[in-house]
Every structure is written in C-alpha cells, then in structure tokens.
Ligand SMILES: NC(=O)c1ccc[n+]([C@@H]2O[C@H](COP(=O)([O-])OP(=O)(O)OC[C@H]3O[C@@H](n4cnc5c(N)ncnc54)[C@H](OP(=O)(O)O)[C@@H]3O)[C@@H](O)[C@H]2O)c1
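Read the single chain below, which is given as structure tokens and is the form predicted on its own.
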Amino acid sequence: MVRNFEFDIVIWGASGFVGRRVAHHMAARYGSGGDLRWAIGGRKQAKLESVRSELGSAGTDIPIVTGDSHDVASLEALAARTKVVCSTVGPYAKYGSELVKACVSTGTHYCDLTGEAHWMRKMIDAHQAEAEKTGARIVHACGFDSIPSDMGVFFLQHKAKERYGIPCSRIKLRVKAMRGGFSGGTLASLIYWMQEGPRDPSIRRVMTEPYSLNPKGQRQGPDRPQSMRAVAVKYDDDLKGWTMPFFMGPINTKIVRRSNALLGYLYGEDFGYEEAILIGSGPVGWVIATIGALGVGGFMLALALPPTRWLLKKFVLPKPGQGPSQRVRENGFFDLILVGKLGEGNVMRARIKGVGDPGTESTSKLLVESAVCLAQDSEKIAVGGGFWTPASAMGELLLLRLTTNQALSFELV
C-alpha cells in the first residue's frame, strides 16, 4: 500500500541548540515550499515559532508540529504524517525511546545524532523484528559521530577494491586537526551515560566491548575492548607521530564494525579498525600527547564522580540549550586521515575534511543530508526495514550527497 505523507521530513527537537542549527541548514540548503516538504517539531509551540522566525523568508511557510517525547499516542500521530523523522533530542536514552517505537510501528524512516551505544543496542533488540515487517529504516549516528568514520571507511574500502581487488584488512583513523566546542545537549548525553553506567553493568559492557552493536552471533573479531577513560599514548610508525586516545573512538569504531557486519563483511571477517588523535613527533609530541591523554582521562573521571560532576555541571559546562558561539561554530573544522593496509605491504590513505564546528555546524549538515537521502532516495535504497548504520543503509547515495552538497570532502592521498 502506498502511503500519502503530509511531509517528507520532520525535524524533531528543532527548538534545542543543535535542532536550531539543523533547521537553519535545512532552510539554507533546501528552502521551503519546494520539492522537499519539511516541518519543525517539538513540545512547545512558542519556541518553535521563535525558531521559524529566525529562518527569515526561508522559514515563512514551514509548518510546525507538536508532541511530547513520552506520549506514545502523540508521537505515533506525528510519525504517521511524515516519511522521515529527523531527531535531535538527547540524551536519547532519556527522551528518544518512544519516538523510535512510534516510527517503527508506523513504518516511518528515522535518523538521529546519537552516540549512545547502550541505547542503540536496546532499541535494536526491542524493535528490529517489527521494523523489518513495517519497512521502517532506523539509522542512528548520523552526525559527527559517526558519519566521517563510517563513510570514510566505506569510501576507502571501495577505492581499495577498485585498485587492488580486495579491501583493506586493517584501517586506522587519525584526527590530524580539529577545532570546535560542545553543545549542552551533547554533554548531557555523556553525563547521563556516566550516571547510569554504575547502576547498570550492561551499559558499561556495551560501551567497552568492541563488537557490542553487531548482530547476535557476529560479535567477534580482531579488535580488543575499549575504555572511555583510556590514557594510552602510542607512536604511529606510518604517520611518524605520537597519538592519544580519541574520546569518540569507542562509539565510532562500533558503528564501523556494525557496518561491516550488515554489509555482509564487505571489509572482510578479519577486518580491524581503530581511532586516535595524532599529535607531533619527538619528545615534545610525546609530552603533549601525554598531557592531553591525562587531561581527557581526568575529565572523564571527574564526570564519573558525583561531587565533581555536580561542580562541572553547576559552574563549568554548558547547559542543555546552550552551545558554542557563532564565531566558534563558523571557524571550526576537522581534518582526518585514514590509513588502510592490504596484503603484500600495500598501503592506501584517504583524507576527510569538514568545515564548521564538528559538534554543531558540521553535525547538522550531516544529519540534514542523511534525512534528505532517506526521504528523496527512498526508492533507490537497497535495504528494507530494520536498524542500520549510515554506510549500510545509504552507502554511495549518501556519499554522493555529502560531497555534492559540500558537507564533507573525501580524497585519496
């Protein structure tokens, strides 16, 4: 049965800090009243009207829909009106479960920005079977975590197969340079995980086990368990520099490994993947990497302890609804290097670059292109209903949109 939708996309949580940026990018790229029918949604009408007024002439005709994150009936009514729900409401483990359930039950496609692996695992286990029946494509991690990693590996592996006929058996990502800030919503998700982890051992297990997001029976491979508070400093022989742990590595790597499994082990069953931040070479590089690793580890420890977590929340960290200034957002960027190794000593490198603060500007662009891909390329997407990663669901379709619309650049080095 063909469904007639009122909207192609509803941006849910549009009055939040990142949600506003998503609405701005949607308006700037796709306008209103054209081929793409989109709306902004959330709990409070007045806040949504404020967002619409910020969009200027591009937002004049954009509809507003309201609902409650914990009211299943209102969310099902919302989901039934649109082809795709694009959610920016975090922490997703606190505010997102009912919306995913509503999208699955109505057969509505869905994408979000979550990096909460334990919540993804919970949603997959609860709704995978029904999503397959209803045809709902649920795609988590469509922001800075984890599209650059997921699509970067997808890009490099396709280039490796074109050149050598086989994929890279191992790939590592190095953050060469990155500048930006954090939104209050992103930090709220991290803090929520820190609070709930000690109460529920399964949360910590999902975060540390490298293949915890893979389908059942496919949770083994060459990669080792990871810690969110890792402080190891290592030397990278390929790039001739010291590295420190990348705080987003534990979630990005799980998404890449899940993509490999869902793609029928396109990268190989023995594929290994890891991420780190590249610092400098020599003694100075080691010192900087060590200080940086200890700093990040200390920050994560402070968030884990209730007294210091309270102090950080009260006096230091941005609150939900707050985020980087316009200057920080516009001057942000990231520059990533992928190094892939094949047999017989062959090595391939790829570079991924993004313009704008990674956690707000860039992540908003990535989510917009993901939502539009799910909406406008729906008939071209090869997979059916279920829980997917960006690469396994949209693959080359999304890669084309990201590059054509300058959300990311990918190149062989």
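On a predicted model such as this, the values are computed, not experimentally measured, just so you know. Position 1 is the first residue in the sequence shown; the rest follow in order.
Not pictured, yet referred to below: the form predicted in complex with the ligand.
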{"item": "In the predicted complex, segment of 332 to 340, 126 to 134, 171 to 179, 186 to 194 with a heavy atom within 4.5 Å of the ligand", "value": "186 to 194"}
{"item": "Touches the ligand in the predicted complex: V153 (any heavy atom, 4.5 Å)", "value": "no"}
{"item": "G13, heavy atom within 4.5 angstroms of the ligand in the predicted complex", "value": "yes"}
{"item": "Partner contact for Y92 in the predicted complex: the ligand, 4.5 angstroms, heavy atom", "value": "yes"}
{"item": "4.5 angstroms heavy atom contact with the ligand in the predicted complex for D68", "value": "yes"}
{"item": "Heavy atom within 4.5 Å of the ligand in the predicted complex - the one residue of G107, G241, G321, G221 that qualifies", "value": "G321"}
{"item": "Residues of 27 to 47 having any heavy atom within 4.5 Å of the ligand in the predicted complex, listed in sequence order", "value": "R43, K44, K47"}
